[in-house]
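Below sits a lone chain in structure tokens, taken as the form predicted alone.
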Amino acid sequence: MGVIDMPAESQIQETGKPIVNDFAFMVATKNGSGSQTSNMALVRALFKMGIPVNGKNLFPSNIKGLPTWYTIRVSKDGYTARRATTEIAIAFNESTAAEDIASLPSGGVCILPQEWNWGHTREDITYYEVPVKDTVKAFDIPTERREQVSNMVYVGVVARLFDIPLELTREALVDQFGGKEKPVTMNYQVIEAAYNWAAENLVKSDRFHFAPMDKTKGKIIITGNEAAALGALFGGVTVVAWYPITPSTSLVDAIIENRHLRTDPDTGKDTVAIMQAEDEIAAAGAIVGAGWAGARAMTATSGPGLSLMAEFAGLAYFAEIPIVIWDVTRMGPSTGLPTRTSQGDILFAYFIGHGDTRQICLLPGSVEECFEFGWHAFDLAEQFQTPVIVLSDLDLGMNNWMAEPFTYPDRPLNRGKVLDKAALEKFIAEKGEWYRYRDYDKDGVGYRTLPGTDHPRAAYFTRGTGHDDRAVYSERSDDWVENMARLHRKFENARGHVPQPVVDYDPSRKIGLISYGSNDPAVCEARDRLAAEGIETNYLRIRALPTTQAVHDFVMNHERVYVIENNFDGQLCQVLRIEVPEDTTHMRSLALGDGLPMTPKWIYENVKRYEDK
């Protein structure tokens, strides 16, 4: 195993040996300059080299031209969490260059445009200055494309300096542009020219290298939002209503892009209706109506949108209508930081809807789980006739991750207790009755019919007001209490059907770590570093709310439990104190809501800080 998230200065200064496939580099550009294409060319080329790689985008929320940073981490050990430090800075934004250079560790590398005449402000790092404008001028590139294509200069220089085969950058462009030869050629010619210039003019004086590996064979690169969209399509989604909001918009964009996967084989027509509503309230109302009518209906939003959907979520809970809401979480409160990542919606999502309401929440921790929960959420929503909220976040949703190819759903759609004409006739023949909200199976879930069912007994009133088990309006206290008790019974029953936690447990270890979502790579890496110093930990990753018995047992079986999450208030820890009613004074919240993906370094330092007391 290599060095685990040690400060970059230590990695560089400990030895004079080459540093191979175990470092991070940062690209600083201006928002809207087209750097995403060049950054992905590097990520894809490294992936094609067989090197585990992860890319994270840090971009502004308000205006073109403001700073954006893209961090690429390679790890021969397969770690994908955000590093606290980067050893290489590609400083292509003059307004942030001083800060970007100052942040480099001693022994780091800076690549910047030659025409800036920047000067060497530090003696302990390596500078490579490259002729960006002159390289681009050599080619007949349309004026409106020159800014974007100029970013390909650093792709060529990085490929030459750090040993990325040139042909792999072209293959990466082919993937990026879907095989379209014109943009591939226009961009590749600049990469090749920059590569050749670097070969002739730059003398390598750093120790960073990429070398081929075989750690990506059979894997794919995809964002969590794209994975969720594919999961929804394979899960039988038929209605999507949404209002665009960062960082969830690309989830619905991906459904639109891949809707051909759900065309009718006989007519060739789409089987998914997609509607952009006038706002999030309308989007929520549309899917509630569609879910009531029998559609597999969903929306995608983020925190501010989820706030607007609260009343409809409460209606769907009480009227028992299946819907799916994807909340790709960003920083709040209010508008907050729209392009920063967070896990700050978990309390609101779990209890969304006024009154005594709790919602099923799924917590994917990988793009594979985004795909899985994309279809599984519909099964749970229909099985329990209730909203299901999937809590992803910006880091998982919008960034590119390595993944195993997705597994096709291993079971047929679970439509739950739906009575068509024949089933309703049989039901009434056996029981002598059918009432919408009566708990015939003692699991809290009633039987439902869909609008248009051709049977005189199929109709009922769907109510958001007080009602009895016959769906008759009622303000009687006993009817209200009985109905709420049944809903509670249904919710408790869901504990045995939601995705179970992932647990690594050894009874000899006294320290337990609990986390969820996109924190998982950082937690796993921090555990390795703690173990290297003799601090052994167990780990439980929660994948759903309500929690299960396994979570209760994990909390109670440790002397100390640290709950690690990416928000300010330690919201999951608060939920666990409700879910585990026993004395949990041994449970400590480790919460950091700084808008950035969690790092192993922060987890390691904070666990160690308390353990050393």
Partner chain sequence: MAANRTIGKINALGLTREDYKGGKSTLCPGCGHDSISNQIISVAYDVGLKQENVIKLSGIGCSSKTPAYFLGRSHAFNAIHGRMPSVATGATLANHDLVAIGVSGDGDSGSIGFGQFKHLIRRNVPMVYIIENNGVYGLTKGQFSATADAGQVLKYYGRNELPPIDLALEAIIGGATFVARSFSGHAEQVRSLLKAALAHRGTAVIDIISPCVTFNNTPTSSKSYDYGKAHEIALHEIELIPEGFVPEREEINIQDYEEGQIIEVEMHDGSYIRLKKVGPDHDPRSRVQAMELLEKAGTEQLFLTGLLYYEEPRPTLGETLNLTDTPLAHLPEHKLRPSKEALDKLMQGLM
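Residue numbers count along the first chain shown, from 1. Treat the numbers as computed from the prediction; the structure is a model and nothing was measured.
Absent from the display: the form predicted in complex with its partner chain. The rest refers to it.
Asks: Is there a heavy atom of E278 lying 4.5 Å or less from a heavy atom of its partner chain in the predicted bound form?
Replies: The answer is yes: E278 has a heavy atom within 4.5 Å of its partner chain.
Asks: Since only the chain is shown here, I'm wondering whether K219 would be in contact with its partner chain in the predicted bound form (any heavy atom pair within 4.5 Å).
Replies: K219: yes, in contact with its partner chain in the predicted bound form.
Asks: Although the partner isn't part of this model, could you tell me whether G534 comes within 4.5 Å of its partner chain in the predicted bound form, counting any heavy atom of the residue?
Replies: Output for G534 is no: heavy atoms all beyond 4.5 Å of its partner chain.
Asks: Can you check whether H209 is within 4.5 Å of its partner chain in the predicted bound form, heavy atom basis?
Replies: H209: no contact with its partner chain in the predicted bound form.
Asks: Look at the stretches 182 to 190, 113 to 121, 408 to 416, 146 to 154 and give the one with heavy atoms within 4.5 Å of its partner chain in the predicted bound form.
Replies: Only one stretch qualifies here: 408 to 416.
Asks: Which listed residue (D479, D253, E129, E311) meets the criterion of a heavy atom within 4.5 Å of its partner chain in the predicted bound form?
Replies: In short, E311.
Asks: Name the single residue among A159, I321, I101, A198 that comes within 4.5 Å of its partner chain in the predicted bound form, judging by heavy atoms.
Replies: Of the candidates A159, I321, I101, A198, I321 is the one lying within 4.5 Å of its partner chain in the predicted bound form.
Asks: Though the partner is not shown here, which residues of 224 to 241 have a heavy atom within 4.5 Å of its partner chain in the predicted bound form?
Replies: Read in sequence order, the residues that approach its partner chain (within 4.5 Å, in the predicted bound form) are L230, L233, F234, G235, G236, T238, V239.
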